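This document starts with one chain, in the form predicted on its own, laid out as structure tokens.
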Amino acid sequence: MTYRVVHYINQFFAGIGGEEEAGQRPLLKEGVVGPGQALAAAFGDEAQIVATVICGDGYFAENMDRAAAEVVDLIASCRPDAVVAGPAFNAGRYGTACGAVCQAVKENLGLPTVTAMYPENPGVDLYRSETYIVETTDSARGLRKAVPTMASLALKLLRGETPGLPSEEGTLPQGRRRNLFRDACGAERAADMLVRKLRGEPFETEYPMPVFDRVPPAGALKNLKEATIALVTSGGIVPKGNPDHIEASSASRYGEYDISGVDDLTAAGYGTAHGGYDPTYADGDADRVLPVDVLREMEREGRFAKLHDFFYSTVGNGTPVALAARFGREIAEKLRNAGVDAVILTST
């Protein structure tokens, strides 16, 4: 028996185009497209990619529920036995789309799914419990290594086999616990690890601890009355029409907007580009997210010297940590060069 597999990819890997084609609506192509060539080779004679479903990252991010339903309908029309999505590497919107497709396929079609991402891709935290995610490098340089692992895991699932531990399968942990029987009790194993650690010998913990990025807080302002204060937000506040086309999810950019002479972020001039929360109140009065009106009052009262002429905005919804860190560094450099003394950072 040859299993039938549908492959999901974005507009870039399909060869349609880059960001200028990110609005591509879901479409179906028979057979193999783009990285599906390597996937088909890894499947050998045991599975066949019968079709490829393609969707633009921008379209999916801005219409997640509708896009997922459209993609599932296209997949269902092919009567597949499994679905493979990606690999998405560290592309945030692509990873989120791959995860959402796998979740929708699981819920609506009951088929096994596999995708692949870099550990910092926001799609990992959003969908790790919904699908198997093969670990990749942060760029397409890792395609050659990722694809055979994806194919091997997909074939295991198609055969009805139970995958092994993440370390054995090359997948990212799903947060599930499985009972195992060991020859030695926990106390003995812990003592053995401690001895190995003290001797400088290699050992593997049974419970790896999460690593959190810790940023030391800056010192307090010495003189607030002489300070220039700037506003930065991850709440997606933008001028009407979203001129920089900041994505509603998994943002790939931030905006810099001039508010010199602006006392109030009115609904006629400002709103939010942010997905993932009800925009009604932010669109009705953007000052609820970015308090320009209150800060102007404080500026006139002499509570501080000046509100910086520009504010910076992006969307925090699903945005990769690595990109957010880069945004922060770039914005901080601009603020430092402009002589800003302190920043008020707002969210949603």
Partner chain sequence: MKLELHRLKVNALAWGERTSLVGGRLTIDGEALRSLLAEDSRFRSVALDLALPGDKVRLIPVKDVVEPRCRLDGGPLFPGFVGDVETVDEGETVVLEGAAVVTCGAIVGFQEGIIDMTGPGAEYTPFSKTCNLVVSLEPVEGLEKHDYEAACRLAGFRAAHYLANAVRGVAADSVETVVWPPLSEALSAHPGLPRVAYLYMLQSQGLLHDTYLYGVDVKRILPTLVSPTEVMNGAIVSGNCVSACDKNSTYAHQNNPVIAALLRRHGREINFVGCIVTNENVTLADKKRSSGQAVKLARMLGVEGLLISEEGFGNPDADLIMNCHRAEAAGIRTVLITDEFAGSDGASQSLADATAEATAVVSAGNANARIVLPPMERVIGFPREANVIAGGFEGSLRDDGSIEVEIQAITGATNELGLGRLSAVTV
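Positions refer to the first chain, counted from 1. Every value quoted in this text rests on a predicted model; they were computed, and no experiment measured them.
One more form of this protein exists, namely the form predicted in complex with its partner chain; it is left out here, but the text below deals with it.
- Taking D73, E188, E256, E107 one by one, only a single residue has any non-hydrogen atom within 4.5 Å of its partner chain in the model of the complex, and it is E188.
- Contact check for G170: no non-hydrogen atom falls within 4.5 Å of its partner chain in the model of the complex.
- Within 4.5 Å of some heavy atom of its partner chain in the model of the complex lies at least one heavy atom of V195.
- Proximity of P239 to its partner chain in the model of the complex: non-hydrogen atoms within 4.5 Å are absent; the residue sits far from the partner.
- With a 4.5 Å cutoff on heavy atoms, N179 counts as touching its partner chain in the model of the complex.
- Contact with its partner chain in the model of the complex, defined as any heavy atom within 4.5 Å, is confined among 146-154, 81-89, 108-116, 203-211 to 203-211.
- Along 158-177, these residues reach a heavy atom to within 4.5 Å of its partner chain in the model of the complex: L165, P166, P173, Q174, G175, R176, R177.
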